[in-house]
Structures are given as structure tokens and as C-alpha cells.
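Take a look at this single chain, the form predicted on its own, given in C-alpha cells.
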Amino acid sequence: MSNPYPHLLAPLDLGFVTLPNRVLMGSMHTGLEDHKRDFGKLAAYFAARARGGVGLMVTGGFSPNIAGWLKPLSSRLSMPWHVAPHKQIARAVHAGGGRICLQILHAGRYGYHPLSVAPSRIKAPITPFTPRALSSGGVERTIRDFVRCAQLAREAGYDGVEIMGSEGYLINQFLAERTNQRSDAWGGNLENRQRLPIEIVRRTREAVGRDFIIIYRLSMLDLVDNAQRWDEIVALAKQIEAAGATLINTGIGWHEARVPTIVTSVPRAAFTWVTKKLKSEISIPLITTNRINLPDVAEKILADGDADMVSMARPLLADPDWVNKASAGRTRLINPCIACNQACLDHVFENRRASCLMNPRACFETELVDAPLARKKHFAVVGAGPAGLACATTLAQRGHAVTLFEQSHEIGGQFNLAKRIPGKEEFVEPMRYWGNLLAERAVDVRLDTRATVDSLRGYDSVILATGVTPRTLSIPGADHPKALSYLDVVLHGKPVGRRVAIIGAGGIGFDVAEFLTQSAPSPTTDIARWSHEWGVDKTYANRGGLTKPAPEASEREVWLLQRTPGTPGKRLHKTTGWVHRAALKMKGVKMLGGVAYERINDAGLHVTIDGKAQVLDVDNVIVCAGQEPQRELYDGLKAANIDAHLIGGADVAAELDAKRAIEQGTRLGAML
């Protein structure tokens, strides 16, 4: 078979080693790095990606000293006795045919602990701790710590290191005037501010020799005020190359930046333009990153000359066999990353182990394993939403016969709502994947079929994944023509007026507000429009690559209301909630908490806010007030002595939790 992706799958010669393809598994903390007891699990996680064909991997960040911790007692490689646990990671990756670099990350003022240090005593907005300013001697000790960490990584068997110089961590803090207000040899003019990364790379190369990969993660687009100019970034890149770096990786945005960089509403490959902008300035290979999730996207980036290599982290959480499937022309079976962040980054920021909404086995490779198949059974799965699809395909993968009943004309369940929301176009991809997987695993799919107790007799077991129904509103006028459910609006396309009140500010309420205020097509499909809306300056005329945001005006006036006091959206996911709140704020949506709903009539929605009665003169009231489990079949199956299991929304209907639904379906399918 001819190579389906000739640029993506081409070898990359680094002089002393040749990588088999242009795929870098980028660094991402999983929570397994913080304790040596978990290194066996971490080794299995990386080994699965090595067997899956990834050209080069980078670990989550390891601090070179205690001051550089991300949090107390977190990942660190700084002492000889730290080496032994790492050896099992390197051995496992090499046994799988892969290569791996350890990322050296000093948190600087982003450290969530009282021992943090920084160029200057300036607190970051994302941590409560004010850092201590490093002395000149402290800077020198920090450089030595970086070098020692790289030497220990080589001793542990790693193929190289990535020096983390972006995302607003310590090295990045030295580069920007906003965080470096020193007047000594490490601050002030450009040469002094750039001295730290150059010295780290130069001394690391001297210490590890020529046959060891050094990746430098260069912040090419800070996306914060008073940060680097483009000419400064070019100058630094040239110095880093001269100091001995093997590869330069692209870093986008500081963690405190108010521009989204990796969520699903960011267009695919939205930042490769900045990597291309640097490409003519240096001669070593450049890696580009952010929102690259499928082979055709990666192939186009490389074919267009934007970069020499592509970095992906979350897509390789979703599918460890991503590269092998691309190589074999089986792209249709790649489990997609939808950039939801719900099980990966959200978990990490909540001090939980990372995984993947689409692949609950990620980071659980040694735990979520299939039970031995004692005998082939015949299962009925009712409902082709995320829970049912996960369970049906898992059962079929193990060798069971599976019949999948779905009363609608298509698979996907609630994902068919999500894919219609501007900024959530990625939710189309799971249906592509699941549809192909059902065919691949010979699942008997029966669409437009309502299962009954009688039709479910004769199966070894029945899994009910019948989902949810919207909860109705219990106020006078709930049946008024102005009142619509979110299904009416998003799924059935009922007309909505220009003035709208949304009752319920959970995830569904925010999605409906996005649906009603974003113009079509969504900016998610257009990098230029999206950049304009969020204030990303592709001309790089300003420091940090920022310009004034210019959001497109909404055609509707929208109120987003919740009963609970406080600002709506506080319970949204940690790493994406702020994006939704900011997007709706740019559209002029009025978000109000502590609202009592009184009645709906011709005058509009009658409410009480802070003890004051008001009437919102709206054309429509859209109800997003939660869901109820849809499980009418369950009692009938039990009465007929048919073994039955509830999963997904049919089990628990609190919000629309695809992460829990898919994990529950996968675990049940692996066990039965």
C-alpha cells in the first residue's frame, strides 16, 4: 500500500539518530509522575504509545529542584536515587520500539507552594503564593540543577530532554519584562534577559555530549501584555540553536493568558503560522503544536512547510495506536481527541490522575483490562449514545455477539446535540469513529428500532443506555408558546426570537447561549476570524502577539439565568469554563444568579432577583433545567427476570456527563 501520509510518515534525520516519523507525543502531566509507586503504570502508558508507532515522546514535566516543584512533593529528578524508577520507563519505551525525552520544567512563580522562586518578587494570578526573587547565586544554582537533571535523565536511559522555556514557567518569566524586573546580569536589557535559557542549553549540551536529544520549548506567542517581541523571539531561537539544541518546539500562550489555546473551540492548527514564521530564521528542525488531532491535519501542516514535525499530546491519550493506524490507512478507526479537557487537564488541575473522555483506558493501562472470555455471549445494548456505544464496542472487541438498538435514525445520542453547538464541531468525529468501529467489530446495529421487553428476551444480558429526557419546568405558564426546551431549539430547529431568556446555567444552558449568539459558520472553522475575535495578532506588531479583541456582534439579546446565587458558570469544567464565560461576555450575554422564576406569559418571563420582581420582555424562554433518567424498560426487564444493567444517563442524569458515561460503558463491557 502506498504511503497515505508521505510527509507525516517520513523519517527525520537528527544527525546522530533518525526518527521514524514526524510525530512527537508532546509533554502532558498525567499525575503518575509524582510518586515512584506509579512509575510502573507510567511505563505501561508510554510503552503503549511506543508500540503504537510514535516517533518521539516527551514525559510530563520533572522539576530540577525543590523550588521548581509544580506543587509540594510533585515530580522531580534531581538526586541520584531518583534515577532507578525512571529506568523502567526508558526500558519499556525502548522495548516497544520508541524513543523518549524527559521534560525539565521549573515552575517558577507558577509553583503552588511557599518555596517558589522567580526572577522578581511578582505573584502570578493563578497561584496564591508570592515567589522569592532568585539571587544571582540562586540563578547559577538553578542552571546547574537543570544540567544535573539532564545528566540524570541520560543515566536513566532517556534519549534526550526537553527544556521547558514556554507557557509562562521560570525560563519564560526571565525573558519577559512583565515578570523580570531585575537590574543585574540576568535582567534589564534583552541580552541579560535571554542569558538564562542560552546558558542552560549550552551547559547541558557540554554535559551530555553530542548524541543526546535536546529539545528547547520556545515560547513563540506569549499572548500576555508586556511580553516578548517577535524580533526577540527570533534572536533567542538563533542563540538556542547555536548553544546546541537539536530541535525547537513551539510554545503557545502563558497559563495566565486570557486567550484560549487548546480547547475545542480553537480552530484546528490555529497556531502553526507562528512556527512557519520562524522556519526561515533557523536551520534545526521545528516542531509545531496545538489543536492538531487527525492525520490529514498534520499532513497538510508538514506539506505546507509550516514545520518539520508535529506535536500532539491529547490525541495520543485518545488513541495510542494513532500512528500505526495512519500508517496502515486505517484513519477511519482513529479514536479522536475532541479537545474537551474533561478527563485530562481538568483531572490534573484537580490533583487526579489524567485519562481521556474518549478512552478511559488511558493512564489505566494496567488496571482497566478486559476480563478473560470464558464463553461467547449475546448481549443487547439499548441506546446508541456514548455509554451504549462504548459498551457495545468493548463487548464486541472481546468476542461477544452484540445487538445495538437505537430508536432514532442515527447513533450518537447527546453528542448529536453537542455537534450543533458553535465551537463544538469536533463532536462530529466520535460518530465517525464509533460508526466505523461498530462495522469493524460486526455489531448488529438496529436504528429506528424501539426495544421492548419482548424483543429483549433471549439475550444473556441487556444493557440499558437509554439516556435522559429534559426536566420540565414547574411554574405557571410552563406550557406557554414562548417556552421551548433545549431540544426544541438545538435539535429540532424551532424558531427563536431576538430576545431570549435561558433558564438554567449549567453546561447545557451555556451551550444553548453559544448556539443563539454565534454567527454561522462558527469562527472555529476559520483561523483568521477566530484570531480576530480573541485578539491574536498574526502580524505580530505588538508584544506577546496580542491585539484588541473584536468579537462579532450577536444578533440576539440573551439572559442566562440560574437559581443558585453567584455568577453562572462557576461549576463548569476548570480549564474550559472560563472560555465559555468569556465568549458569552463578549457577545453581551447577561448572566444572572439567584433568580427565582415566577411565571411565563405574554409579557415575558416574570422573575424575582434580590427580592425585586422583574419582567424580562423576551420572545422566548428556553428551559435547560436539567434531565431525568429515561429507564422505563428497566422495571419491565426485572419483572421478566431478564438480567439488565443501567449505564450513562439512564443510571445517573445529573448534567450530561459523557466522561462518566463512556467510562461506565467501557468498564462494564470489559467485565461482563
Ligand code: NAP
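This is a predicted model, so every value here is computed, not measured. Residue positions are given as counts along the sequence shown, with the first one as 1.
Below: the form predicted together with this ligand, not depicted.
Asker: In the model of the complex, which of 364 to 372, 506 to 514, 105 to 113, 167 to 175 comes within 4.5 Å of this ligand (heavy atoms)?
Answerer: It is the stretch 506 to 514.
Asker: Could you tell me if R563 has a non-hydrogen atom within 4.5 Å of this ligand in the model of the complex?
Answerer: Contact check for R563: yes, within 4.5 Å of this ligand in the model of the complex.
Asker: Does F379 make contact with this ligand in the model of the complex, using a 4.5 Å heavy atom cut-off?
Answerer: Contact check for F379: no, nothing within 4.5 Å of this ligand in the model of the complex.
Asker: Decide whether H573 counts as a contact residue for this ligand in the model of the complex under a heavy atom distance cut-off of 4.5 Å.
Answerer: Although this ligand is absent here, H573 would touch it in the model of the complex, with heavy atoms inside 4.5 Å.
Asker: Quick check on Q627: any heavy atom within 4.5 Å of this ligand in the model of the complex?
Answerer: Q627 belongs to the contact set for this ligand.
Asker: So which of L473, V445, A483, A243 gets a non-hydrogen atom within 4.5 Å of this ligand in the model of the complex?
Answerer: Spelling it out, the residue with a heavy atom inside the cut-off is L473.
Asker: Using heavy atoms only and a 4.5 Å cut-off, determine which of R193, H86, R268, K424 is in contact with this ligand in the model of the complex.
Answerer: In short, K424.
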